[in-house]
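Only one chain is given next, in structure tokens, and it is the form predicted alone.
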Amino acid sequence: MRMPAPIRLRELIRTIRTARTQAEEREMIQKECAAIRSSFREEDNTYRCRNVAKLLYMHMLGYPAHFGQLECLKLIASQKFTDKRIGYLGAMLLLDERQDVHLLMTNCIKNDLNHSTQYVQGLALCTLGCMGSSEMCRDLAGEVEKLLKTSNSYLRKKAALCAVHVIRKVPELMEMFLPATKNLLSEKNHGVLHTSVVLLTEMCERSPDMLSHFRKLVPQLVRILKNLIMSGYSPEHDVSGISDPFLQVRILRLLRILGKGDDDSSEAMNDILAQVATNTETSKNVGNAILYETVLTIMDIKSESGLRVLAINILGRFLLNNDKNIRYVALTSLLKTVQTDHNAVQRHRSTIVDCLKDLDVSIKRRAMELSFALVNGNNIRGMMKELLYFLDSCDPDFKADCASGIFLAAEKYAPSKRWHIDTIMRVLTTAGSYVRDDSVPNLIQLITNSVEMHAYTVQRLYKALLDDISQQPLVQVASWCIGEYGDLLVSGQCEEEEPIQVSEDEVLDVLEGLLVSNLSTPVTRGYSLTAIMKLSTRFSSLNRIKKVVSIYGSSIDVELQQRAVEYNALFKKYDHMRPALLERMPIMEKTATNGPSETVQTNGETDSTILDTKHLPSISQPASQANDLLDLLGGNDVVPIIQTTVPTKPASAGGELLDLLGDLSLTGGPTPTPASSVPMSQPPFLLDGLTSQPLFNDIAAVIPPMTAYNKNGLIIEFTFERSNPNPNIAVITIHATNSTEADMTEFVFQAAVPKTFQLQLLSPSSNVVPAFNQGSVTQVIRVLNPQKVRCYCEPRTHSASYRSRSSEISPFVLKHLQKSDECLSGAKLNIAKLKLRAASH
């Protein structure tokens, strides 16, 4: 019994559109799919084309249609054009190279490529160019190349696009299409020209050899582009008054690729680019697209400076366009070119700043990024004013990035330290909750280094605390500054603005309020408690401060409780050390990575160099205080420690700084003496032979140079002398030589002292010790001992301890990182350890 004729595609579409619910539509689709399956099983050739067409429509709606793949192949094998058209369309939609079924159509495509009808050939080319696998492309590349040489424009343009797909799948077949590609540019048909430019672009992007080969076609491409912009009205190619803008854009992209990095090609296209930029109408979006491609081409090739200025001016006009997309691409392009053409972009600064007020968030973000890129020393004040205004009114999503950008720009171009501090404080006041974590320590470092601004800064921050304590980074910086410079706040020494009258109790009330405020984070409370503790050496309200500190000794916040317990210990057990421990922080200098500048490490109360003794503070602490300080830092133990790893961070004051140089021998001999042979009851002092009398000019004669280290080919020698301008300064010079066959790299020598002394560590001559003793690395250490406290040291090895003698040289800790016996293979560094202590006369 023959089944009734299936409904037509148009009727199916009308029926599906009448469905009121998704379930009703699904039911209709399932019913029709069942009918189609039954028709396929009966091998009904009459309505196969109609059923596949309906199946493709269901596929477009998102329903499964994979069961129609073989039916598509049957339609492709049909001799009727209408069947082939639906079959090839179904193959492009339902098949891809991941399914082996598509290989069954290779022979059909090959036959159709050689068909006598151009439309059948076009169907085969479209299908191969859409979903052909690498195997199919290898098998059929020859037929595609033949069709590229045909005189039929309809087939040539389709063959060119198919060749692009073949090259993407099988790049090694690129040379096959080279002869035919050269002739495509002489075609007058715009469709062939367009596809040939696409093919040339693909070949140039994939092969540097093809790129250099096709550079000789630049004059021909320039002529084609010139004819397009100079030709009159052509209804066949006209789009909004512009002749074939699609072809113009494609040619401009190809010129950009050909002219990049090539002087001759860039010179050949400069004139035509200027003509396109000046003759293209900008009132329509079509013209703006051509101008945008022109700008990108000018910026990528080696164009003339005047042409680049013209391109940036075009982008500046784009910023005034009402279309948001055009404004966005203009900002993005200017952001890419601002580094190379900074002055030209600066001319449009006011327009760019106006884009900060745009309602579109993407435009605002690009405008913000470009505004920061335009900041320099000349416009820093005006640009910061606009950006601070933007920070006040922008969405929370922008505040973090905007604040970070202001911080970086202010640090780089600040006209004065006061302006810098005011700007950072303005940011913290406006967007304190959105700034990054490193903003607090960076501002603290800035304030510390601005000595003349301490009184002004602490007064401004105190006022800010009275107004608002919700911005936690601002509160943290203010707490730190009040703890450091609270005495300047109370004394009213501010000269930059009218000083305010503040009492000690008022300052303590503010800090105590921060401790109990619900707005304060645990970190902020820690800052506040430390500030109160520091004020114990600056204010007279000692009993009140002790009471506050003792209260938080039982806090449920572990961090706050630990701080309070340690501060209580300072009040009780180490009260004689409290003034030294709570003294003002020295200037925080950034470590120089290279250059001739000296690295100064100051552990005393002043930031001046140790050679300028007239600025040194008078130190009244007893000599035993140095012992207590070293005991507090863990300096009493004499257990040998073996260190096998190398810390990559700079040495800091503390126990780890005092546990260095385990293999350093100061005896001058090649073999160290066991510690058991040295009487422990009366330890000798460092640097035997130094008397307590000020015969400093003869120190070199008293102590000859000594070999401090001799192992694995590395020899380190010490020489000693006394500074002539200041006899309290001892100068130690190290000389490091290398007798191995390879250079020793990353050579570092560091030193540190207790707070009663001062140390200056000059920059080394190099960080590479040359091989075969062909050179040496030298470094100078200056140590100031104003109290002439005697010291002894405990250099440690892996098996024993040793001691040496000294008189008035200051105690110091030498840290030496040298290459071990594995240094030639780039393995690990070995850390030797040394401890030194001060002792009273």
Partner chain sequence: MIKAILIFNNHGKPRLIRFYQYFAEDMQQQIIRETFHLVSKRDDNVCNFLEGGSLIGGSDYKLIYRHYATLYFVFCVDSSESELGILDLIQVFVETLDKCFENVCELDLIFHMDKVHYILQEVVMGGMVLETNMNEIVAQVELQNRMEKSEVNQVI
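Numbering follows the first chain given and starts at 1. Not measured: the values here are computed from a predicted model.
What follows is about the form predicted together with the partner chain, which we do not show.
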- prompt: Pick from 90 to 98, 418 to 426, 171 to 179, 269 to 277: which stretch has non-hydrogen atoms within 4.5 Å of the partner chain in the model of the complex?
  reply: 90 to 98
- request: Only one of 56, 781, 36, 784 comes within 4.5 Å of the partner chain in the model of the complex by heavy atoms, so just point that one out.
  value: 56
field: Single option in 472, 288, 430, 760 placed near the partner chain in the model of the complex, where near means a heavy atom within 4.5 Å
entry: 288
field: 4.5 Å heavy atom contact, residue 571 to the partner chain in the model of the complex
entry: no
message: With a cut-off of 4.5 Å between heavy atoms, is residue 526 one of the residues that contacts the partner chain in the model of the complex?
response: no
message: Using a 4.5 angstroms cut-off on non-hydrogen atoms, would residue 106 count as touching the partner chain in the model of the complex?
response: no
message: Does any part of residue 70 reach within 4.5 Å of the partner chain in the model of the complex? Heavy atoms only, please.
response: no
query: If you check in the model of the complex, do 46, 198 and 293 all have a non-hydrogen atom within 4.5 Å of the partner chain?
result: yes
task: Within 4.5 Å of the partner chain in the model of the complex, which residues of 80 to 100 have a heavy atom? Give them in sequence order, or say none.
output: 80, 81, 82, 83, 85, 86, 89, 92, 93, 96, 98
